[in-house]
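The chain below stands alone, shown as structure tokens; this is the form predicted alone.
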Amino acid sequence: MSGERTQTGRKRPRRRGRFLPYILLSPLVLFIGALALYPTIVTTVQAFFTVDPVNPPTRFAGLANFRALIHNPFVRQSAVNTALYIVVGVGLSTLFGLVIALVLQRRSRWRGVVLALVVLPWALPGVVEAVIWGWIYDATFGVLNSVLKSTGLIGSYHVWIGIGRVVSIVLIELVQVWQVTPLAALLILAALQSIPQEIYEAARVDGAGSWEKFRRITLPLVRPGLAVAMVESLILSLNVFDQVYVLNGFAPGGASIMLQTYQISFNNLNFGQGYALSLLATFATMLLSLLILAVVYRRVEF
């Protein structure tokens, strides 16, 4: 029998194998859940304890770790630096991603090659990208100095990272923008390709130009892709570590929240404050992501 019959004579669908997909996926879901939940639970609990391997045992500290972080000038400076990383990273990666997505949307025989080249930086590890850009920024034989000097924009080679705070942050974040922009471009491109061409054709018949179609059709309808791309850029910019560590080391002028968390936890061996700072960074990521979604995201129906 392929199934039970109802009172109307129709056969009910066979229930055999109904739960098979869930059974097959359950080990992976449990593994990913444990991988994500366990560190979160440990971080949340240990943030309220004094965890110092040099000075055991572990003692309950309440909000002492958080108060110490607020009064730590290096933590405050790294928070301001991270805010600058976020502004530069989210702004530039979203802008460049939108431009690249608009270019890739046009049909071309070289579209596949361009797409492969665009995705390449996203596939590279952050440390490798930081090393590559370290050669570009090098004060002795760097490409940046060579190009600027050959064009007459500078008279001599300069040290770019570690001298000026804002310049260092912008140059370091450009490395991550180079990495994040391909992901932003793909997300925005997916949103662009979901827009029916009939809408553009109707606007063209009504006499709308390229700018009007972009402003009144493309931007409003691509907002879901823009929102997701901005959230991805926000998460990566707020948690920037590899690029800062390789290019700037522990210099306070360009230190990020994640670098400060590493320094407090492993250099100072104050794991309680390190847990507390990472917990604050997690909450900041959640709040800022929800803010971007509330401001930018709009549900689109065709």
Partner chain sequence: MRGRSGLRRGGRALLIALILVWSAFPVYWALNTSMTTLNGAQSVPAHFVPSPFTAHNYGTLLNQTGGGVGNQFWRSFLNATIESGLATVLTVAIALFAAYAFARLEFRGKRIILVAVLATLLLPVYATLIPLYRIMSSVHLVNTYLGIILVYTSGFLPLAIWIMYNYFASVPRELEEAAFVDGATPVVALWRVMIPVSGPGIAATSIIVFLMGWAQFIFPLVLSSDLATQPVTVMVAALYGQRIVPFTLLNAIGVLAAALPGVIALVLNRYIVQGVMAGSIK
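Positions refer to the first chain, counted from 1. Model, not experiment: these values are computed from the prediction. Throughout, rigid core stands for the largest set of C-alpha atoms superposing within 1.5 Å between the two forms.
Omitted here: the form predicted in complex with the partner chain. The next part is about that form.
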So, in the model of the complex, is Met286 in contact with the partner chain at a 4.5 angstroms heavy atom limit? yes
So in the model of the complex, does any heavy atom of Pro57 sit within 4.5 Å of the partner chain? no
Using a 4.5 Å heavy atom cut-off, state whether Tyr85 contacts the partner chain in the model of the complex. no
Contact flag, Gly91 vs the partner chain in the model of the complex, heavy atom cut 4.5 Å: no
Name the single residue among Leu95, Val143, Val167, Ala203 that comes within 4.5 Å of the partner chain in the model of the complex, judging by heavy atoms. Val143
Give me the residue from Ile154, Ile136, Ile217, Val80 that has a heavy atom within 4.5 Å of the partner chain in the model of the complex. Ile136
For the stretch 216-240, return the residues whose heavy atoms include at least one within 4.5 Å of the partner chain in the model of the complex, in the order they occur. Pro224, Gly225, Val228, Ile235, Leu238, Asn239
Does superposing the core leave Ser26 with a CA shift of 2 Å or more between this form and the one not shown? yes
